[in-house]
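Let us start with two forms of the same protein chain, each given on its own as structure tokens and named structure 1 and structure 2.
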Structure 1
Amino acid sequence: MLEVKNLSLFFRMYDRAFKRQDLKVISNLNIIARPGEIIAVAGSSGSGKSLLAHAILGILPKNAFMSGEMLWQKNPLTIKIQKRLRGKEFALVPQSVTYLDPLMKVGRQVSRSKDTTLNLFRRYQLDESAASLFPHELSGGMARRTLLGAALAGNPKLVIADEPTPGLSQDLAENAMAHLREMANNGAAVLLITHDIDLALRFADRIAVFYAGTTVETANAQDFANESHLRHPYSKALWRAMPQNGFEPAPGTQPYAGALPQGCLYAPRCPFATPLCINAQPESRHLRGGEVSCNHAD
């Protein structure tokens, strides 16, 4: 089990006068990924989803600093343990296809076993001849399917899939999600980062909603069937923005890192905000079978 508790992350930067500035990009973020389930992470661009993935894997840039806790199987997830598990017990399906080694044929990047490679190629509708190609010879969709195969070729205990389906047809996207579901059913913990909430809801067990670098709500996937089952005003706004629910945009914009409000990060856009919300960030609490960071959720 992976547990992230009160994670904050900032980048240390210097201006032209060499004055140091710490740019906070994640604030008191909490999430749990359990064996046997898919937890999907949803939220707008810039909400900290990919940064969380990189923090778990220990691949943040050198000017990144963190506070809080990350636990793997109830033990601190140290840099030494991250290095040992990365690429073995921890698997990443990266968002960018540039993660493929440009100097290695793609078949070798998927698996050292030819049989495993060919089985995965068949699963993702890749011709066997693609195994002898280099990454620059693949289309974007082929490269993404190769990344999926490479990440899922072993038997990882934690799978982090960062936007694994863009550029894929509906059938291939569903195939990829079904593969992640199989991994979870076989005991892996799957952390799915996605903008495709509709697709995630069909396969995920829980949904964690991120906003401006923090977790505002964690809900069972079935809670998204009805707005009234959700707890946080942003989760409800996200629900209303889905095409089948009216495609209603929420007023305002997500705050930028470096210009975060003092209290609740959603307060400047929230119709229910009070002075309590503006002055202090609410703590996460259990509510109706989920978790929410909101003073007024009921």
Structure 2
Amino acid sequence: MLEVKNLSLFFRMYDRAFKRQDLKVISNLNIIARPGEIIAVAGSSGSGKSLLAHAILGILPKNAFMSGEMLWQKNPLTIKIQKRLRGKEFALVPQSVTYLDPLMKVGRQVSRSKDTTLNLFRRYQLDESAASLFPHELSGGMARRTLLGAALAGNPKLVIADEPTPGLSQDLAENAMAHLREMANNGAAVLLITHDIDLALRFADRIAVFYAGTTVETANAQDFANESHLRHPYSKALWRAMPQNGFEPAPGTQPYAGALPQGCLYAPRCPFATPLCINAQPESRHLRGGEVSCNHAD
């Protein structure tokens, strides 16, 4: 089981004029990935979701600074442990093809043993001849299938899938998601990072709603059937804005990572905001079988 508690992460960046700026891309994020379960982190792209994956695996760039707690099987996840586990117990299905080594033939990058490679190739409808191609010779969809194959080749206990489906055709996307489901059924914890809430709703057991670098609510997938089952005002607004449920947008935009409000990150847009919300970020608490960070949710 993976537990992330109050994780915050900022980048130190420099302007043209050498002005230092800290970009807080993740603030007080909480998430739990349990074995046998797919949990989806859903939020707009470019909002820092991928960095959560990189933080868990310990592959953040040098100018990233982190606070908070990460536990794996109840033990703190240190850099040393991350190094030992990634690629073995931890697997990453990366977002982009640039994660493949451009100078190594695809077959060698995927391979653990000959049989499993062939099985994986067959599973993702890749030609066996694709094994002797270089990454730039693959089409977008083939490359993506290769990435899936490479990540899932071992027998990982934690699978982090960072936007695994864009660029795949419908049936291949379903196939990939089915494979993730199967891994979960075999006892792996699957963390699915996606901007596509429809995809999350269809395949995940629980959904962590990501807003401006934090998870405002963790809900069961069924909760999205009805607005009143949701807990956080942002999740409710999200629900109302879905094309099938009214297409009614709430006003306002997500705050920029360099200028986050001091209190609840949703307070500037929230119709229920009170001074309490504006002064401090609400703690995460259990509510109706889920988790929510809101003073007003009931």
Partner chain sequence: MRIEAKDLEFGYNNNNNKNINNKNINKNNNKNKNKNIISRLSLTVDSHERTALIGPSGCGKSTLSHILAGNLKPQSGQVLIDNKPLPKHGFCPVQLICQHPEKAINPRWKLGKTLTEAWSPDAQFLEAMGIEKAWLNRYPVELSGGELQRFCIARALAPQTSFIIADEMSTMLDMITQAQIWQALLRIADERGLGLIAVTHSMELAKRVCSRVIEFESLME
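Numbering runs along the sequence of structure 1, starting at 1. Just so it is clear, the model here is predicted, and its values are computed rather than measured. Rigid core (definition): largest C-alpha set, two forms, superposition within 1.5 Å.
Taken from the structure described as the form predicted alone is structure 1, whereas structure 2 is drawn from elsewhere.
Taking the rigid core as fixed, one finds a CA shift for Leu60 smaller than 2 Å between the two structures. If you fit the rigid core between the two structures, you'll see the Cα of Ile31 move by less than 2 angstroms. Relative to the superposed core, Ala250 undergoes a C-alpha shift of no less than 2 Å between the two structures.
Superposed on the core, the two forms differ at Ala241, whose C-alpha moves 2.5 Å between the two structures.
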